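The chain that follows stands alone, in the form predicted alone, written as structure tokens.
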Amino acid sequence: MKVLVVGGGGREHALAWKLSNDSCKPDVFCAPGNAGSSSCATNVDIGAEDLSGLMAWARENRPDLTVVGPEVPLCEGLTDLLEAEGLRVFGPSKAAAQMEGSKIFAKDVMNAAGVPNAKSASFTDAAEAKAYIRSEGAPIVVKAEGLAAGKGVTVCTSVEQAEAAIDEALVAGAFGAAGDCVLVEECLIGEEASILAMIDGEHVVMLASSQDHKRALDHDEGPNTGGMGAYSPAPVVTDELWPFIREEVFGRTLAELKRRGITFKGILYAGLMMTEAGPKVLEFNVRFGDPETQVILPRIAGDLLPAFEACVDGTLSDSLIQWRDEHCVTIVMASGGYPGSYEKGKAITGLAAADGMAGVTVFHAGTAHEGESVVTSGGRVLAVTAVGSDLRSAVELAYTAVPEIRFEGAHYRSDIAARAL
């Protein structure tokens, strides 16, 4: 069996790693992949956003299944293009991907469906947005309406900070077209959690809970990032909450999409805030999270491909995913300066020592080969991942492995999972 994984980050390395270990031993290809994915897949030198290049490769090589990792190709319709060629794809259609590609579309769906979420308003005019902010007060959240690589959200503790965020998006154009419209939301208070669900158009199989750490620095300080670490399961998601999340979040959302003539197949990811009034949706994504994938996939016992294929075929069931009774944590090692500007090409040492530790897997994100060396090529460079019988042992193992790896300017948070512990 031939499987193509689209993308080149830590999520895609984790997907390629897990799929390559399936019992049918598929031939896994990763486009473009990274230095880590080359150890478990054949890297293909085509960017994840190069839809014409991906389509040309797919027509020639006819993969049995394509798994799309990032949001941009999904939102641009890669699934639709591949399916038009008679190829099987794990990932939602362009219409369904609006749940991530347009925050206003997602809000409209949630409000129509009665899904609990934050009060909000959208603006294209900076003066109107600022007037609304002054009327609502702070704390308040400003979001770029479109895709901004996880960096278009500003949690503002003052009206002045919120007005500056409006200027950044609507006046300075910091997020390009993604920020031509902004969503201003009430700031929900509580603890965050990520719940990912596999969906085949009808059936929902929820994956293990996890919690991401978005801020760049310890104690949840510093700017937002794509994610500096995660752990699974997240104890804030109690057993009593699962039925509510399944029905009130995923069930209602799918029913409203279906009412609009949209069939959702693939991963639907709900970022939730556990408020005093119960779980509320912060945002939806339409793909595996990063770094959530790195802590969820190691906890899946057995094969993953049958569940992916069942999503395509409409035959998904809970029995297709079995869970290990283990905890998992991942620590992101980032380039100096991330999430701002950073240098690339820094040599990385100690990878074999860390990856060789029992219970540790090092997923590559922003890495590349340079001759015989592995060097940095992105902001988030590595996700050092460990499993343990409990959360504390997993955390301790991960933080034992991290110092084995060195590259100039490396930084990472030292408090991943501290809240749960």
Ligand code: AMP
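Just so you know, these numbers come straight off a predicted model, no measurement behind them. In case it trips you up, residue 1 is the first one in the sequence shown, and so on.
Just so you know, the form predicted in complex with the ligand exists too; it's not on screen, but the next bit is about it.
*Asks:* Just to confirm the contact call: exactly one of 308 to 316, 125 to 133, 165 to 173, 152 to 160 touches the ligand in the predicted complex at a 4.5 Å heavy atom cutoff, so which is it?
*Replies:* Of the options given, it is 152 to 160.
*Asks:* Looking in the predicted complex, is the ligand within 4.5 angstroms of a heavy atom from every one of 143, 185 and 192?
*Replies:* Verified in the predicted complex; spot residues all in contact, yes.
*Asks:* Please identify the residue among 283, 326, 248, 200 with any heavy atom within 4.5 Å of the ligand in the predicted complex.
*Replies:* Exactly one listed residue reaches within 4.5 Å, namely 283.
*Asks:* I need to confirm a contact call. Of 273, 262, 304, 216, which residue comes within 4.5 Å of the ligand in the predicted complex, counting heavy atoms only?
*Replies:* In short, 273.
*Asks:* Residue 348 versus the ligand, in the predicted complex: is there a non-hydrogen atom within 4.5 Å?
*Replies:* No, residue 348 stays farther than 4.5 Å from the ligand in the predicted complex.
*Asks:* Using 4.5 Å between non-hydrogen atoms, is residue 254 touching the ligand in the predicted complex?
*Replies:* Looking in the predicted complex, residue contacts with the ligand do not include residue 254, since no heavy atom lies within 4.5 Å.
*Asks:* Taking any heavy atom pair closer than or equal to 4.5 Å as contact, tell me whether residue 236 reaches the ligand in the predicted complex.
*Replies:* No, residue 236 stays farther than 4.5 Å from the ligand in the predicted complex.
*Asks:* Answer for residue 75 alone: is it within 4.5 Å of the ligand in the predicted complex, judged on heavy atom distances?
*Replies:* No - in the predicted complex, heavy atoms of residue 75 and the ligand never come within 4.5 Å of each other.
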